[in-house]
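Just one chain is shown here, as structure tokens, and it is the form predicted on its own.
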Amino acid sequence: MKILFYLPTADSAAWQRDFVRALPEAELREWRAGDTAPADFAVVWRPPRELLAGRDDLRAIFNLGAGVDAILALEHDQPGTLPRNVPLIRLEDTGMAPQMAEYVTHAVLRYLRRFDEYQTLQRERRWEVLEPHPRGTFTVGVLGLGVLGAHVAQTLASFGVPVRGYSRSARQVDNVTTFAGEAQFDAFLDGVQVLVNLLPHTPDTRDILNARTFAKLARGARLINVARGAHLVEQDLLDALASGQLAAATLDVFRDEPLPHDHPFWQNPRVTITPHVSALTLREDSVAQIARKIEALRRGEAVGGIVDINRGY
């Protein structure tokens, strides 16, 4: 069994060592430009087109992350990048759900208890007690009810705030009021106090966090974006903050990463920035999941996480 490996980051060697331990019978090689030798599987992150195009010998392509937008963007811009009839398989959770729930819950509770406003008062040396937000009307809307979104929504509901969830197709999540499809999008947004974005990045969801979306929320709402920077129209957010339609935003993802030093988000006191850390890919869990799926495919068994190329996730 031959595995092609491509990960253009500093920890590539550690990933390769873990794969060798998990699949000792496999011949794993790091892909280099010009490598066209046969392989059975490819394990990649943001690969160049040359690595994938024409690779009809592959039995599957494994993406080292839950988001496959980079690979799908290659296919969109240069059709034929993905070999026909070769499944593209994404990571499923691998320890991301608890991390994401922690991050989002912290941000939501910070806004619920007005700790962000107390930080401002501290800088101004003002001793002032703020009226708490009523928990029963502090509605949180979660955009995207996949594995991560559903877990986040249920975690938030356990704190007693009203939680809504939105997805492309109808889903049921315990203790969450769910909405589905374009026809219910505005009803989902109406009156939401905190909007959490966990949508996959597809052509349909690009720029979905825009002026029209913000206008449907409760005045003074907050935004938490932990999905992709391409979901957000940045100037629309700045305008909404300036007008008071939005009171604050917590952003973990950006169109350009690292965020440029001269970006206006850095200087906006209502924007909280973190460097794409809301849910880190856990190497050991990820390697174990991919190894199990490779063994299952070799036995002729079905596996989860196969991407619908047309839907983008």
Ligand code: NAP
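Counting begins at 1, following the sequence as shown. Computed from a prediction, not measured in an experiment: that's the story for all the values here.
Omitted from view is the form predicted in complex with the ligand, to which the following refers.
The ligand in the model of the complex comes within 4.5 Å of no heavy atom belonging to Pro48. The shortest heavy atom separation between Leu199 and the ligand in the model of the complex is within 4.5 Å. Using a 4.5 angstroms limit between non-hydrogen atoms, Pro162 is distant from the ligand in the model of the complex. Contact between Gly141 and the ligand in the model of the complex is not found at the 4.5 Å heavy atom cutoff.
Using a 4.5 angstroms heavy atom cutoff to the ligand in the model of the complex, all of Ser167, Arg228 and Ala279 count as contacting. Per the 4.5 Å heavy atom criterion, the ligand in the model of the complex is contacted by stretch 90-98, the sole one of 214-222, 117-125, 90-98, 235-243.
Scanning Leu145, Val104, Val194, Leu209 against the ligand in the model of the complex with a 4.5 Å heavy atom cut-off leaves one residue, Leu145.
With the partner omitted from this view, the residue of Asp77, Asp174, Asp204, Asp186 that lies near the ligand in the model of the complex is Asp204 [heavy atom within 4.5 Å]. In the model of the complex, the ligand lies within 4.5 angstroms of at least one heavy atom of each of the following residues of 294-313: Arg311, Tyr313, in sequence order.
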